[in-house]
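Presented as structure tokens, the chain that follows is alone, the form predicted on its own.
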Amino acid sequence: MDIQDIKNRFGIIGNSPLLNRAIDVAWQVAPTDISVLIQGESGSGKEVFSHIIHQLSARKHGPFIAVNCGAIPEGTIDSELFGHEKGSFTGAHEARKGYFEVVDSGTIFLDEVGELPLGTQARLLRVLETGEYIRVGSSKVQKTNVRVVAATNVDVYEAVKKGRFREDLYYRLNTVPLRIPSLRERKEDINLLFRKFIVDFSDKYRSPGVQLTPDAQETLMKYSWPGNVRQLKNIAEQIAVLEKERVVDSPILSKYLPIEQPVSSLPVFVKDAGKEDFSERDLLYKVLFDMKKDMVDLKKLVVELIKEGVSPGTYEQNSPYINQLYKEVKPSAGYLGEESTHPTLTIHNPNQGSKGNDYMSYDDQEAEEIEESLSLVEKESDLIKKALKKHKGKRKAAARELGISERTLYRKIKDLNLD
């Protein structure tokens, strides 16, 4: 058996070197029991490679099951994977086997493994290291002999650094990394795939065949295909069913391609090696903290003016004193390296005309500094409350507003007692 035989058996189209390399790695690792982490964008065909690994292994006659970890609610994921005992939670009317028990001696494919909660990650790590697990609501240790093939479309190593994925589980799963190239990385395969899909759908719907003009083929090659092979297949099916013209040129093809968003020319923060990686929330906190420092500097400047006995008046009248004191106080630098600026300063004397009460004495009364709460938990709680209030309690919309998953929002609401 060679790579072309594997392509024919599993219906893989393409001759890209990156694709051939991925098939070769899957072929070599299949006969072993090593855990494999398949990484690639959504729609690039990760599940196909899990079938290759299973079918070319000694477990090919055993069961195979694919589990989408991102589609199972956090509260039931442990029960789905490891099973539960009768009465272990509300609604558990009878004992149930989990996937690791059902697939004993076979292969389990954990798609979107990066979405697993941290508690479930600890249970999975134990299965990988010892083959042991415990049903929800039970104290009996059970054994299983399952090969785990995992997949993700996110950078798991970045999730490890941010504390969202266990580092020990990452290295246990990533014994052999397998990267599936995106469609834009294998442009030489795009026209081959499109022709194959068009032929399949023309036969399925009994419609005439479709031909692409050279400019249409060029348009296919230049498009970025964010949905990868899945998106290309959908476009081919639409054209096979809906298009009346059977010779498709670039203008016709463009009607079926989603308009790509133009690249923004606005400045953005980019990750730089050796520098701190800020999230939007972190940036907001930093801006607020820098504003607080500027206010403290302004208070110091006012106190120094009072201490020096500057007469009441406008900024223009007191500018020589203010400029000198401004240099001595040295206010904090502005955000992102800009110079800190202060508004025009006017000193008012509410008791002008009363002797001995013209100014506040620096010796008698110090400037009071009110400390602002910088607790991340309180800020996070406030942001969640505001998002829920804005969307009238609709958690899905609030999660989208906050830039987090709905499941993560549910967990944070529970942890912060915001019910």
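Note that residue numbering begins at 1 and tracks the sequence as displayed. In this text, rigid core is short for the largest set of C-alphas that superpose within 1.5 Å between two forms. These numbers were taken from a predicted model, which means no experiment stands behind them.
What follows is about the form predicted in complex with a small molecule, which we do not show.
Asker: Select, from the options 211-219, 129-137, 228-236, 248-256, the stretch whose residues sit within 4.5 angstroms of the small molecule in the model of the complex by heavy atom distance.
Answerer: Correct option: 228-236.
Asker: Ok, A397, L18, I13, I404: which has a heavy atom sitting within 4.5 Å of the small molecule in the model of the complex?
Answerer: The residue from A397, L18, I13, I404 that makes the contact is I13.
Asker: S35: heavy atom within 4.5 Å of the small molecule in the model of the complex?
Answerer: Because no heavy atom of S35 falls inside 4.5 Å of the small molecule in the model of the complex, the answer is no.
Asker: Would you classify V48 as touching the small molecule in the model of the complex, given a 4.5 Å non-hydrogen atom cut-off?
Answerer: It does: once the small molecule is placed as it appears in the model of the complex, V48 has a heavy atom within 4.5 Å of it.
Asker: Using a 4.5 Å heavy atom cut-off, state whether F165 contacts the small molecule in the model of the complex.
Answerer: Heavy-atom contact with the small molecule at 4.5 Å: absent for F165.
Asker: Flag S42 as yes or no: does it have a non-hydrogen atom within 4.5 angstroms of any non-hydrogen atom of the small molecule in the model of the complex?
Answerer: S42: contacts the small molecule in the model of the complex.
Asker: Examine R400 after superposing the rigid core and state whether its CA is displaced by 2 Å or more between this form and the one not shown.
Answerer: It does shift by 2 Å or more.
Asker: What direction does the R164-R400 Cα distance move in the model of the complex compared with the shown chain, closer or farther, given a change of 3 Å or more?
Answerer: Farther: R164 and R400 separate by 3 Å or more in the model of the complex.
Asker: Distance change of 3 Å or more between the C-alpha atoms of R400 and G163 in the model of the complex: closer or farther compared with this structure?
Answerer: Relative to the displayed form, R400 and G163 move farther apart in the model of the complex - a change of at least 3 Å between their C-alphas.
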